[in-house]
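Two separate entries follow, structure 1 and structure 2, each one form of the same protein chain as structure tokens.
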Structure 1
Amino acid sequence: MATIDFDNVQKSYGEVHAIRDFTLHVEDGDFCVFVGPSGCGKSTALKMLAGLEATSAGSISIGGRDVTELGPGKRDIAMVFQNYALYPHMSVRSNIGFGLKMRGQDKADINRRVEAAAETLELTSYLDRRPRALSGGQRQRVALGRAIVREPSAFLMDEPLSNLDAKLRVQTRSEIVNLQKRLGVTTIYVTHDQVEALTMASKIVVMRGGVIQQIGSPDTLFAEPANIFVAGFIGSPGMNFFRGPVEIENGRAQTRFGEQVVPLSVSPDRLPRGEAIFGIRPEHLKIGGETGGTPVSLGLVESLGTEKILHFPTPEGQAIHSLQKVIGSDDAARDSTTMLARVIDDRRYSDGEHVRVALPEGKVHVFDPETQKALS
């Protein structure tokens, strides 16, 4: 087990800057997730930590030891890949113990470690099978077993669940989290799936364009996003955005959402003049009531049993048509003109139904329209 430190790490491919000013401290035993859209640099950062990519500048330390110039075999790490990387002609037992065999470990010690890992991962009855006789989830556990027997200072995992179906991903991610807690090994996990990040991590690093956007716990990133990108990327569905006026009434700041006057919890002297960008999470919108709020017509109702996702148009004149450039998401075009409410109740909603939508005080986030940074 060990701490991990990136100190102002850079990575360039000619004129292309893949990683810029990457500085991060990971505590001993942390489960740290790098998350962001495709091409944001998260896998490149992991490969530099593993020694599979050289840094262009800066340094990397594991357990206080500078490993920047060391090869992968000298960094005391174990890596779990997206495609499992199992040897098809070998048994599960041989696959798990292969790395130890290559290091010249004693055969009895290898067997002891392999059987202990297999018991931990509930693979004991599969030790004599070949990978082709296993399910995708079982193969992934074999790959984890191969990492466990190394007894490394850190686990590195590069999108290990992306080849599994949705149901198996949910099951396997809980297995990985429980396993990491039992072993207490520092883990760096890369994914593009923010739901995986929120449910698995003790610390999340949100990346975009090779730059860290925010570091924090899942709760912090959800409740206190640093900017519009983090706010829109974290959460499922992501945050709704709209533009609105900044008004000062009796020394307090407020904005308007359609017909509703919305008090703001931000100090007036922190707000820009004229207009700002506002955000609210779909689960925080209040639906119903005969008065108050803003009347809207539902455009689409997604029913997931007791949970529903309600789509409705952003109030006239308040959509942000340049939002796609700000968020960098394929969903941005929808988000600019459509808002979502997430409700959990037994009521039935229908397309075209007229309802009232209210924004509760204290749940509205405010962002600077120039810098896209959160204001508080």
Structure 2
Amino acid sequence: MATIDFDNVQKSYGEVHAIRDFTLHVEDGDFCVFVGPSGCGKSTALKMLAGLEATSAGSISIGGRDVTELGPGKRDIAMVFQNYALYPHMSVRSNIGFGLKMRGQDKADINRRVEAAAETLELTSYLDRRPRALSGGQRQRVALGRAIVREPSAFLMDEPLSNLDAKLRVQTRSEIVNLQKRLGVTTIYVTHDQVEALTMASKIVVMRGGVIQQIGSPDTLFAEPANIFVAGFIGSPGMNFFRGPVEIENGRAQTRFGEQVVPLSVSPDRLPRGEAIFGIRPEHLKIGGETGGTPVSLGLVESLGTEKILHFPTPEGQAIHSLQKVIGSDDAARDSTTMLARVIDDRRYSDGEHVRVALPEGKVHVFDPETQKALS
């Protein structure tokens, strides 16, 4: 039984504020993922929870016990590191059993628990090898074994899959989720990969520049992003944005996308005057209708079989030139003058083809151009 609470935690390295106003409650048994671009402070937050970094201010509790001043060994947590950090001079058996040994368990008990953990992770036949004689995937499992054998009240994992190749990563991803479900141990998992976050988490914390942007379930983050950054970060590919006028017609708000008039579900008094930023997910765009929408000419067509990503230019005058800065996207393919549509159908699309693109009602997100916050 362990809940985890960050209460207004701050961390600065000299002038650099790595973490600001970090407040978070994690339920017992949650799989909570910290996600955000590299350098946003995910590892720092995790290390403060582990006791490997001191907090500059605020407090941290695990299972209701204030651990802010406790050392890492006294917090009853286990951690899996990005580079695994296996003890190279010890056998797999000793690596897994080291934490139990340090806690003064008796030998027979350690052995029994190490063998049980090895069994779970299919490491039994490697117990007497040194880490150097294992493959990358096996090393990763030893690192997991070192964590589960202690039966701690929380697992902390810092990008544990980023050193595996793509196929093994997907496979291990579900193994970790299943393991966590079975053990029911509260888990904090750090990754920069939003796909990992969406597929694994029961609760996601999106971070940027040391500040929490949004906390929520994968569905919430996808359907109701709190701001432009989250909307652009979550999703593959992330949300499209464009500028548009805010018009009031018969008491209802609407905007325009090229030739199309798009009704908005937000009440008019919540909208800014003049202009707003609008977002639409690539999978929500309707492509290829006979009428309605606005005509565009396709640019790049990326085909993955039935699934296709279509690139087309943002309608004249509706591109947001400061968008790169807002999203901070490292996705070079994404520029503010291009929009993406994700379609799954059997039609063939080709470069330069003219199609009609329509924005369905109820799927358009509205953001305040000043604060970049979502309006609803």
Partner chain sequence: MQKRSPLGTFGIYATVIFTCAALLFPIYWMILTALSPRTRLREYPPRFWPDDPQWGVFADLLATQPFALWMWNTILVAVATMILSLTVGVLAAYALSRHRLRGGQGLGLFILTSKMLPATLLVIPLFAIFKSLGLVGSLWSVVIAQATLIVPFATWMLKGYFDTIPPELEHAALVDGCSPLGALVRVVLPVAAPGLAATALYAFVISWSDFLYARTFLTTSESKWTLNVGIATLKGEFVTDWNTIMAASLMAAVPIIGVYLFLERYLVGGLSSGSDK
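Sequence positions of structure 1, starting at 1, serve as the residue numbers. Bear in mind that the values here come from a model prediction, so they are computed numbers and not experimental data. Each form is matched to the other, and the largest set of C-alpha atoms that superpose within 1.5 Å is called the rigid core.
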query	finding
Answer for which single form is the form predicted in complex with the partner chain	2
Residue 74 C-alpha shift between the two structures of 2 Å or more, rigid core reference	no
Residue 236: Cα shift of 2 Å or greater between the two structures (core-aligned)	no
Rigid-core frame, C-alpha of residue 91, shift of 2 angstroms or more between the two structures	yes
Distance moved by the residue 104 C-alpha between the two structures (core-aligned, Å)	2.7
